[in-house]
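A single chain, nothing else alongside it, follows as structure tokens in the form predicted on its own.
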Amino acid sequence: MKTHTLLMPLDMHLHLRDGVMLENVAPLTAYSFSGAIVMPNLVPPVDTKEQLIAYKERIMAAVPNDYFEPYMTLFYKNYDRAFLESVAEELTAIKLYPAGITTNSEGGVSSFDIEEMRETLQSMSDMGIPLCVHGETDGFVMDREAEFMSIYELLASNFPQLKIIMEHITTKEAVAMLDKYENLYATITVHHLLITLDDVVGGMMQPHLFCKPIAKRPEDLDALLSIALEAHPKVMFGSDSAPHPQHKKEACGCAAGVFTAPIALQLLCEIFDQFGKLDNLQAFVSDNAQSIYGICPEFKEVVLEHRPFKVPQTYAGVVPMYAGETISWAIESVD
């Protein structure tokens, strides 16, 4: 069988939730990844030092037997410099959500007034704390990310030394923006490398493919594939794996989020192998992230094998992408 080895895989955008859900899903990521950037949009959001430390402790308690590092984030508010200095050693980045734009983001930013944000963003820049951004406006759903490009330009030009991560990009406009500013970077999900809006609602609606930002057009998918497959040094893998209970996905008012954590590496191997780019997967899934964030993850060697793998219908009550379907790569071993 053909095999492929990945060293220290990293998921640079992950939702672990809390409580029972955390206990159920955290081990699934910790099994095959060395570390992950953990999102702070709990209820209430993680926005104090005490909450940050306590959340990390709960994550580590859920994965006691795995070598796994949760890279912690704070929910963006206009923090003062003194607070940021007090918490800097505990966090890896700060995550900015426009208010109400996605799950549990009601307390996010409602005005991108640079002067109101200056102390926080300049302090982050001086201290080397990256800013991760969910980049969508509240406009027409297919245009929300493209409309947000002007805000990225505003942030990048006013704070040229601040590392800004455009999270889970989905459009050709975001791909083009990467080369306009030296301080802009991006994460790309595995599901946005596989699907367009047609897969979500072109026939019967597929609730387990519904996410925010929503999958876009074929030309957008092609643009994402072009930079991911070449392992562009400014892009990195971030699953945006977002677990919801089955009853909240298969319901009126379907919750947004695609759950890919247990099969992300397998699907990435499938994609990169299909295009003859397996040699570039290491950079996309680890090396670029280490360079961009300046992190050194726990050693982990994941061997994947080219053989059929039937995706389970659920993982602890959470339905994954491609549930019940057969994919072409499987995890053989983790050391």
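Residue numbers run from 1 along the displayed sequence. All figures in this text were calculated on a predicted structure; none of them were measured in a lab.
Just so it is clear, the following notes concern the form predicted together with N-carbamoyl-L-aspartate (NCD), a form of the same protein that is not shown.
*Asks:* Check residue 41 for me: does it contact N-carbamoyl-L-aspartate (NCD) in the model of the complex (non-hydrogen atoms, 4.5 angstroms)?
*Replies:* Residue 41: contacts N-carbamoyl-L-aspartate (NCD) in the model of the complex.
*Asks:* Is there any non-hydrogen atom of residue 257 lying within 4.5 Å of N-carbamoyl-L-aspartate (NCD) in the model of the complex?
*Replies:* Yes - in the model of the complex, heavy atoms of residue 257 and N-carbamoyl-L-aspartate (NCD) come within 4.5 Å of each other.
*Asks:* So in the model of the complex, does any heavy atom of residue 120 sit within 4.5 Å of N-carbamoyl-L-aspartate (NCD)?
*Replies:* Flag for residue 120 set to no.
*Asks:* Looking at the partner-bound form in the model of the complex, is residue 208 within 4.5 Å of N-carbamoyl-L-aspartate (NCD) by any heavy atom?
*Replies:* It does not: once N-carbamoyl-L-aspartate (NCD) is placed as it appears in the model of the complex, residue 208 has no heavy atom within 4.5 Å of it.
*Asks:* Any idea which of 138-146, 217-225, 96-104, 156-164 reaches within 4.5 Å of N-carbamoyl-L-aspartate (NCD) in the model of the complex, heavy atoms considered?
*Replies:* Comparing against N-carbamoyl-L-aspartate (NCD) in the model of the complex, the contact stretch is 96-104.
*Asks:* What residues, if any, in 239-263 have a non-hydrogen atom within 4.5 angstroms of N-carbamoyl-L-aspartate (NCD) in the model of the complex?
*Replies:* Heavy-atom contacts to N-carbamoyl-L-aspartate (NCD) in the model of the complex: 240, 242, 244, 256, 257.
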